[in-house]
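What follows is one chain in structure tokens, specifically the form predicted alone.
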């Protein structure tokens, strides 16, 4: 625009770059909306295959937009894109539901730093809180509906699990209300205070 105002002939490469960016934005609109909403649906992210699912979602967005872009340009409709989209969708469903057994939780040997948290005053109470408020999702075989495995692979079932994740528990559920999401397990303010007091008492 500055070149036109100054009377210079514009470089056409910038127009091609702008067109390419516009096409990228057009194709990524649907995947971006899906990913923005996906944090409400554990089957889309709480899986070891979440990065593959995200990649397939982007490909689905491209195939869907290609169909509509072609239609809007008044060219013959590429109906094959719906077959591609359906195959991608079925692959996502399969990956979301494909689980594996982690086995029974086993106590691991505590490191010196973990031993500090496990032996700190209030640990037994905190362990009861975590088992009652957190482990329905953060277990090797979650029993929260729609969840096949623990989010981010974080387990909170054993003494070693909890001692290892002491700082995360403190930050996410002790001094903040980030976890559980929307407080779905009804953790109380007193329980959050107990978590924070335990962590501070351990020197955290």
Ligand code: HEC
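Residue numbers count along the first chain shown, from 1. Values in this document were obtained by computation on a predicted structure and should not be read as measured data.
Beyond what is shown, the protein has a form predicted together with the ligand; the following relates to that form.
Considering the ligand in the predicted bound form, the lone stretch of 86 to 94, 73 to 81, 126 to 134, 113 to 121 in range is 126 to 134 [heavy atom distance within 4.5 Å]. With the partner omitted here, the residue from 173, 163, 62, 53 that has a non-hydrogen atom within 4.5 angstroms of the ligand in the predicted bound form is 173. Using a 4.5 Å cutoff between non-hydrogen atoms, residue 29 does not count as a contact of the ligand in the predicted bound form. Within this chain, residue 20 is remote from the site of the ligand in the predicted bound form, having no heavy atom within 4.5 Å. The ligand in the predicted bound form is approached by residue 39, whose closest heavy atom lies within 4.5 angstroms of it.
Although the partner is absent here, residue 44 lies well away from the ligand in the predicted bound form, with no heavy atom inside 4.5 Å. Every member of the trio 152, 169 and 185 reaches the ligand in the predicted bound form with some non-hydrogen atom inside 4.5 Å. In the predicted bound form, the separation between the C-alpha atoms of residue 153 and residue 40 shrinks by 3 Å or more relative to the displayed form.
Look at residue 152 and residue 39: in the predicted bound form their Cα atoms come 3 Å or more closer than in this form.
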